[in-house]
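Let's start with one chain on its own, the form predicted alone, as structure tokens.
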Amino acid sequence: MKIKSIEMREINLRLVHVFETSFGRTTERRILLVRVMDEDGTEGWGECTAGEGPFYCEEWIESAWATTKTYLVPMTLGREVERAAQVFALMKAVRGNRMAKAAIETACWDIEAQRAGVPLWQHLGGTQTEIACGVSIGIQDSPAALFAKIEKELAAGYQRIKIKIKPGWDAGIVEQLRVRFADIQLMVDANSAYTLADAPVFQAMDKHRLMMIEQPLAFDDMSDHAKLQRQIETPICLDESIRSSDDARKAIEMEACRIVNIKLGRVGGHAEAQRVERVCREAGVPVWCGGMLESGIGRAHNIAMATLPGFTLPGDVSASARYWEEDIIDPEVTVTPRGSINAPPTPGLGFKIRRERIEAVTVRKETYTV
């Protein structure tokens, strides 16, 4: 594969509902899309999952745009690789910036799968023809509003409910949830909002049979997570702390977690996601696919990744309609009545890119060709 052209686009998509975490509220997504074309004219699409500000991690839309334009495009444009798995190494000189790198890397995987004539999920080594789905529900204005949202998602068939928590909206709301929804699969996500001194908050949650507590402590921490895990019964799931397969190995060895959330952008693309999944699977640690409010392109890549055999827990991949009035792929992602998504049968991403829709929501574009 020779990379002949790279197109960068920023699109703006307004969320159907406000999404609030401990970082703040999101009402609109600014998304960097990357379209890569090879020497045969085959095009692949990738999505940078960086947020509107440097809060989830140090990357954000403006840094991703500048890094891609100034460094990553020159490092990859005109280069030839035998396999898409080698693309990430072309960008090795740039430290970090995994979300920006993933946009180019995943687009190349899309091309490679199309050229092989197989769905991307099969090309990656996926073994599951459908994936179990959960939902992530942001912090609400009241318990009643949260209950109403959960009832709606359960009626839609989703198999697992995740709620965002922050200091003051944590153990008390979980207790109320368990009174209202005694038997649902329930987990909480703290997005690094707590410290080890808050251990009593999580000890109070042990009696409520949570599937896991996701990233309760610092985004770059493993040591304190290991200490906290020894103080509570509920499994800790690491998210922000796991940026590579080496991180996963260290976290497992330290017993800093019992579950790992894999996000394509956070680890730098499909090749590293495969390695993280393998490390966890061989250690007997279940993984699941986290979400970053992706458009249909990022969602399609998540579906493909989540078919790998180690993804045994319901992930955050859910229907397009939960987020957007109109997505940028056809068909839009839908969820079956049993709370699952079927892996697409057609080559590549398995979804048609709606070019006219993308053009309508594009706010800037740059194209580089050799």
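In case it trips you up, residue 1 is the first one in the sequence shown, and so on. Remember, it's a predicted structure, so these values are computed and weren't measured experimentally.
Note that the form predicted in complex with a small molecule isn't included here; everything after this is about it.
S.K.: Taking 4.5 Å between heavy atoms as the contact cutoff, choose which of 294, 272, 153, 112 touches the small molecule in the predicted complex.
M.R.: Going through each option in turn, the one that passes is 294.
S.K.: With a cut-off of 4.5 Å between heavy atoms, is residue 136 one of the residues that contacts the small molecule in the predicted complex?
M.R.: Yes, contact at 4.5 Å.
S.K.: Would residue 277 show up as a contact with the small molecule in the predicted complex if we use heavy atoms at 4.5 Å?
M.R.: Because no heavy atom of residue 277 falls inside 4.5 Å of the small molecule in the predicted complex, the answer is no.
S.K.: Can you tell me if residue 98 lies within 4.5 angstroms of the small molecule in the predicted complex, counting non-hydrogen atoms only?
M.R.: No, residue 98 sits far enough from the small molecule in the predicted complex that none of its heavy atoms falls within 4.5 Å.
S.K.: Does residue 323 reach the small molecule in the predicted complex if we count a contact as any heavy atom within 4.5 Å?
M.R.: Residue 323: contacts the small molecule in the predicted complex.
S.K.: For the small molecule, considered in the predicted complex: do all three of 71, 105 and 368 come within 4.5 Å of it, counting heavy atoms only?
M.R.: The answer is no: none of the three residues contacts the partner (heavy atom, 4.5 Å cut-off).
S.K.: If contact means a heavy atom within 4.5 Å, which one of 74-82, 123-131, 203-211, 162-170 is the stretch that engages the small molecule in the predicted complex?
M.R.: Stretch 162-170 is the one.
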